[in-house]
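Below you'll find only one chain, the form predicted on its own, shown as structure tokens.
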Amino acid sequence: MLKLENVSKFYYNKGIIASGFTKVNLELKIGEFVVITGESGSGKSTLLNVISGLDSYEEGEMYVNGEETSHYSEKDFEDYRRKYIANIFQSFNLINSYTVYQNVELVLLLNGYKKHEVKKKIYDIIEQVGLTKFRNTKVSKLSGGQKQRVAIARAMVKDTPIIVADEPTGNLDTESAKEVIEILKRVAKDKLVVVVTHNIEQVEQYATRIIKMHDGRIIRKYRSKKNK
């Protein structure tokens, strides 16, 4: 699905070059629940941004289904994000004045679907994240855990092969965090799910693979003992 060969990301600011991450080699496949961890500034979110096409890269090569992306233009990356990537954010990025149903529906309407075409699909997705009885509730009335489940539903309904999540449990209590990670684990059965977190204890037992970063480099790759 995705393959990174000696990929590096640099930032240029007022003549100073800073490294986001250096010489990353990684292969990610459908059916995996991959966790990228490390302390603040380790490069984990920058790596996620490159994987998801939000950031370009300066060295190496990232392959998508065997296709090189180093030549991609901004338009190419827009097409890549639309076709392959669904994002889940720590801050939810929902419309609080919309209902659960309307937040999920909006993704499909923006992608050219008509309202009458999507009703059953939206109901099915909302049921999968356990929010059926809240589907007509405004998001502003929901708890943090429920909002993150709406965000997951919105990512699922886009129906892309890759879902990326940057600190998806960062604002949640322990029980809500567990529920969110369990949903993502189920989603990963037929998609590639990549999660960035500094709280490895929350996700370690669910991950198929864990990638630890430090100072912009991968220092360890391993499989969770419970998922070997």
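Note that the structure is a prediction, hence the values are computed from the model and not measured. Numbers follow the displayed sequence, beginning with 1.
Omitted here: the form predicted together with a small molecule. The next part is about that form.
Asks: Residues N13, S19 and T46 are flagged as a possible site; in the model of the complex, is every one of them within 4.5 Å of the small molecule by some non-hydrogen atom?
Replies: Looking in the model of the complex, the three residues N13, S19 and T46 all sit within 4.5 Å of the small molecule (heavy atoms).
Asks: Does Q202 reach the small molecule in the model of the complex, with heavy atoms at most 4.5 Å apart?
Replies: Because no heavy atom of Q202 falls inside 4.5 Å of the small molecule in the model of the complex, the answer is no.
Asks: I'd like to know whether S40 contacts the small molecule in the model of the complex, with contact meaning heavy atoms within 4.5 angstroms.
Replies: So S40 counts as contacting the small molecule.
Asks: Determine which one of 57-65, 32-40, 168-176, 181-189 lies within 4.5 Å of the small molecule in the model of the complex, judging by heavy atom distances; exactly one does.
Replies: The contacting stretch here is 32-40.
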